[in-house]
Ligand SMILES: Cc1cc2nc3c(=O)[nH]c(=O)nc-3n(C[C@H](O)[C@H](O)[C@H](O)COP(=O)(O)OP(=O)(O)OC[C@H]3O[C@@H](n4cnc5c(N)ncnc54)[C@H](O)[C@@H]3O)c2cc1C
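Just one chain follows, in the form predicted on its own, and it is written as structure tokens.
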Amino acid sequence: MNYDVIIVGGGLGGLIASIQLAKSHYQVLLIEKYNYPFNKVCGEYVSNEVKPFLKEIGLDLESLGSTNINRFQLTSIKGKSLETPLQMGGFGISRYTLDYELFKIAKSLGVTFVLNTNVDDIQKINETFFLETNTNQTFETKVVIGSYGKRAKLDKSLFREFPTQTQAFVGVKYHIKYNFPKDLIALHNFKGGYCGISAIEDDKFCLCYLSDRKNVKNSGGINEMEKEIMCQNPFLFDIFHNAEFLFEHPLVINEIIFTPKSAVHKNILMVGDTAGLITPLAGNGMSIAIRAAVIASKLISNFLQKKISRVELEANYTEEWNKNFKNRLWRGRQLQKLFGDEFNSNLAISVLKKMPFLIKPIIRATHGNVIQ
């Protein structure tokens, strides 16, 4: 079957784009390498800038058990602490639950799903894309959205090059049971990284951290690094010694890249982490993926209605992506330099305690306006 749009990857960006396009009565196919529901490495805190939009498309966050988060705590490696209200605030919900609910909404709108399948290659001949999968299927479409995450084998077949990054990172996530305020999100520094904790549904908490890969290598493994390096922060020491860890093994992702990427590559519109990854301490990757999907969907609809050309589609999407996210991602990268180092993290907290008026604009710099 020939589809109007094919989406590669069924994370937040892909699911939201599929819902928006299906609501406009386009034939949409989404190809995802896993089967819903599934867990993935993610901080699972969502800025309230997207909350009204999610409710509008039929997501009942309260019934799903999402938590309201309106306070933020920052600690240094040695345990110096700063706490402040979150102006806009956010909510906590697991990707296991959130993505599954969006998947069900998309299916109810007529989106076709091909699951447990990888896209190995994408070729464009004239005005038609041909997508080949690892299951020896070939699909045709007018438009392709790339929403397959931070890095995939597909990037290699598309000859997509990323700028080099001097520091290699690893991301690790757990779900835990722990005695911690549900309205508070905390960010705890350790040497070469930082760890976030916030409440999700069912009285659980998401514990997710980013670390310099050298920490893991030099310590001899993730568990050893957590004991030797992360637990030097007394707040993390308490978590790792008193929390109940619910996963048999942590979820891990390697080679995390924060250097800028292209929003369009070989005529494919990229959304979410595929287009650009904000540093986790900014806590806004999920809302950026949702907003990018909304922007892409509107422009694709205009293209399919022949209101704009393909050249205009790609140029307009790149312009909108840069306008909405480029500076936010840059500010996130600059902010990250203040953390993961004992001197810098202590200094940052000391300065912010003395000049608390700086906190609000710093937080605001990594957030967007409410999606209308």
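Note that this is a predicted model, so its numbers are computed, not measured. Residue indices: 1-based, along the sequence shown.
Omitted here: the form predicted in complex with the ligand. The next part is about that form.
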Quick one: which of 67-75, 239-247, 144-152, 225-233 gets within 4.5 Å of the ligand in the model of the complex, going by heavy atoms?
144-152
Honest question, do G90, Y96 and A199 all end up within 4.5 Å of the ligand in the model of the complex by heavy atom distance?
no
Decide whether N218 counts as a contact residue for the ligand in the model of the complex under a heavy atom distance cut-off of 4.5 Å.
no
Quick one: is K51 in contact with the ligand in the model of the complex, heavy atoms, 4.5 Å cut-off?
no
Using a 4.5 angstroms cut-off on non-hydrogen atoms, would L12 count as touching the ligand in the model of the complex?
yes
Is there a heavy atom of N284 no more than 4.5 Å from a heavy atom of the ligand in the model of the complex?
yes
Please tell me which of L82, L109, I256, L158 lies within 4.5 Å of the ligand in the model of the complex, judged by heavy atoms.
I256
Using heavy atoms only and a 4.5 Å cut-off, determine which of K40, R310, K55, K307 is in contact with the ligand in the model of the complex.
K40
Between 170-194 and the ligand in the model of the complex, list the residues on our side with a heavy atom within 4.5 Å.
G171
